[in-house]
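Coming up is one lone chain in structure tokens, specifically the form predicted alone.
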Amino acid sequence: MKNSNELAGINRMTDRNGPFIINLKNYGEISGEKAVIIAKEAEKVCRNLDVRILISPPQVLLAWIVKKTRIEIVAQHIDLKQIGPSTGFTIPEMVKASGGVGSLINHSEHPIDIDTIAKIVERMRSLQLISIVCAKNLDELKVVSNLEPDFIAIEPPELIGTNRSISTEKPSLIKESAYYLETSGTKSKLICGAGINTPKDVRIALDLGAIGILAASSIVKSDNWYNKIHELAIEFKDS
């Protein structure tokens, strides 16, 4: 577990520019010790560029990466179960106790219903954990925005894991989502993902109103993790 001085250092290091969230999913490329290695490479970029980078590892690796690094870690999913006899579920209290700072919620690869999302967001808020709720389209984003999670990640499922970016395939979706959140009175901030592969993808997303991005395979499957993270993260310096 990180001590209070280490946590203060993390907050100072990551309070500007972003968030740039890297979802490691369950790719074989980051299994075991390799997940720590990619997290440390992201931490180097975070320090060198002063860009806020969060890692979302497989649940079984979360506490390990927290212990081995000083970068912010978010879970990939949260379950609406209570402390006690809830075998096999990931609950927010345990994420926090393990040193995690929040979680993805309702990713298209692990969708949940809106009532469950609402209860999870409220519980996360009570624990001062970051809630990052994914939405597949503008209609879902509008519904989710009423819950006021910290961030809403707009991610068309058909573009996830492809070389076709939301920035080039559906730029209007980013623009419309950003406009809605800015004008609706919600406190939620927009990030976007799905096919984010190049610096151009990041730049377009930021220019259209997103304040952060969510990326996965383009980084995990790259030949050089540091270089790939750096080339995407540096776009935040001009945002």
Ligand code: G3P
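On a predicted model such as this, the values are computed, not experimentally measured, just so you know. Start at 1 with the first residue shown and count on from there.
Note that the form predicted in complex with the ligand isn't included here; everything after this is about it.
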{"query": "Answer range among 179 to 187, 22 to 30, 39 to 47, 57 to 65 for contact with the ligand, defined in the model of the complex as heavy atoms within 4.5 Å", "finding": "22 to 30"}
{"query": "Close approach of G195 to the ligand in the model of the complex, 4.5 Å, heavy atom", "finding": "yes"}
{"query": "The ligand contact at A215 in the model of the complex, heavy atom, 4.5 Å", "finding": "yes"}
{"query": "4.5 Å heavy atom contact, P111 to the ligand in the model of the complex", "finding": "no"}
{"query": "Contact test in the model of the complex: G161 vs the ligand, heavy atoms, 4.5 Å", "finding": "yes"}
{"query": "Partner contacts for 171 to 187, taking the ligand in the model of the complex and a 4.5 Å heavy atom cut-off", "finding": "none"}
